[in-house]
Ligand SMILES: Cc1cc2nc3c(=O)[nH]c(=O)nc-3n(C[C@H](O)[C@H](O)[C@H](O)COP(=O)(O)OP(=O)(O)OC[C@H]3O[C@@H](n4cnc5c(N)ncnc54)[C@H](O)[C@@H]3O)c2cc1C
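First, one chain by itself in structure tokens, the form predicted alone.
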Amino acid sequence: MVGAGIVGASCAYALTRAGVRVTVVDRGGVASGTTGAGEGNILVSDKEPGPELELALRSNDLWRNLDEECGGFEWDPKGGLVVAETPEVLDALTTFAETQRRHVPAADADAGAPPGAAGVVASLVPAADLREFEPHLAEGLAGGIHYPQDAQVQPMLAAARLLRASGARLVRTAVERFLVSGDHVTGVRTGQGDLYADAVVNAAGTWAGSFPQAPLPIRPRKGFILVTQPFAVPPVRHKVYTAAYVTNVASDAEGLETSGVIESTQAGTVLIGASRQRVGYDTAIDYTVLAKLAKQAVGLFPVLRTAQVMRAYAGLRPYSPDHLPVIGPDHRLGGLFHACGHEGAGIGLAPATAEMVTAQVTGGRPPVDPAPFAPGRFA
């Protein structure tokens, strides 16, 4: 296993439970990359109907069980609230939510389930009722959509506890390249020597596409988070974001995009995002972006105007050109499996990704159709 972030840790846990002996290799240690810079979101609200939504719904169910099995990840089924500034935007959100509700996961459709079965739960919140969901929300908003299935975990805690519960061996060193014999991967070359294996899973996050024997079009996409000092009573009950967030997630733009995304944590802090920008591996702080995020947050929650920012940091999301994760056996080299390219959804999609990879490694059948995520689609 290459990578000790949430996807790698989830894969290690699922594989060891299936009887596979696993060694995890990561140059930075547990959750040292994208996972450590994430908010811990487990979302269905921002997923368009299709393969990723199916993966998200499956993961949403798996996360609840994992939290109980592994000693707790600060699981918080807070729900999401997507707000609209104008009636026109609310109409668009309502239409989007309706398409999500009509989507039936393929496995359920094959079993003859009706529309809406085991799918997305979403309800319209009129402007007059917004304060019942969020008492500190700004006035003048047109309404919103409530998604009760959205949740949050503490991502670094989740990765650490999943990896510990797996019993996998962790080696903290850099993977330099895959070891290849003929057309089959036989292990990895690391800074501490060669490690041999019957199968290698590439869960290296933003670096997953950089191995020359099996390149993938995975690129880093930068984002910032502001963290306030803890509140005695957190002022935000749900994950709250504007409709622009959904648009930005699906965007291909290289330039800066921002949208208001605000939520509290169980520790009492408030997390403020979100920005997206393709600037390579640069994680330098840009104060103009932080100022813009802060202004958007105060626009949604005026109570945050006097909040003290405790810290700010940047993270890199592993961006895939078609916005779908890359999951499954490599189309060039036998014995190599990929689990990467989740962009900002890796934490939410990790358990279902691990389930899919485990089925493929062990010869089983994944509950979610793996074809749309196959690495060979970029060939």
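The first residue of the sequence shown is number 1, and the count goes up from there. The structure displayed is predicted, hence computed values, not measured ones.
Heads up, the form predicted together with this ligand isn't pictured, but that's what we're talking about next.
Trainee: Can you check 229-237, 284-292, 168-176, 87-95 and let me know which stretch has heavy atoms within 4.5 Å of this ligand in the model of the complex?
Mentor: That would be 168-176.
Trainee: Though only this chain appears here, would residue 56 touch this ligand in the model of the complex if you measure heavy atom gaps against 4.5 Å?
Mentor: Although this ligand is absent here, residue 56 would stay clear of it in the model of the complex, with no heavy atoms inside 4.5 Å.
Trainee: At 4.5 Å between heavy atoms, is residue 37 in contact with this ligand in the model of the complex?
Mentor: Residue 37: contacts this ligand in the model of the complex.
Trainee: So, in the model of the complex, is residue 22 in contact with this ligand at a 4.5 angstroms heavy atom limit?
Mentor: Residue 22: no, not in contact with this ligand in the model of the complex.
Trainee: Though only this chain appears here, would residue 262 touch this ligand in the model of the complex if you measure heavy atom gaps against 4.5 Å?
Mentor: Looking in the model of the complex, residue contacts with this ligand do not include residue 262, since no heavy atom lies within 4.5 Å.
Trainee: On the criterion of a non-hydrogen atom at 4.5 angstroms or closer, are 16, 337 and 351 all touching this ligand in the model of the complex?
Mentor: No.
Trainee: Exactly one of 316, 326, 44, 66 has a non-hydrogen atom within 4.5 Å of this ligand in the model of the complex; which residue is it?
Mentor: Looking at 316, 326, 44, 66 one by one, just 316 meets the 4.5 Å heavy-atom criterion.
Trainee: Could you run down 334-366 and flag each residue that has a heavy atom within 4.5 Å of this ligand in the model of the complex?
Mentor: Contacts from 334-366: 342, 343, 344, 345, 346, 347, 348.
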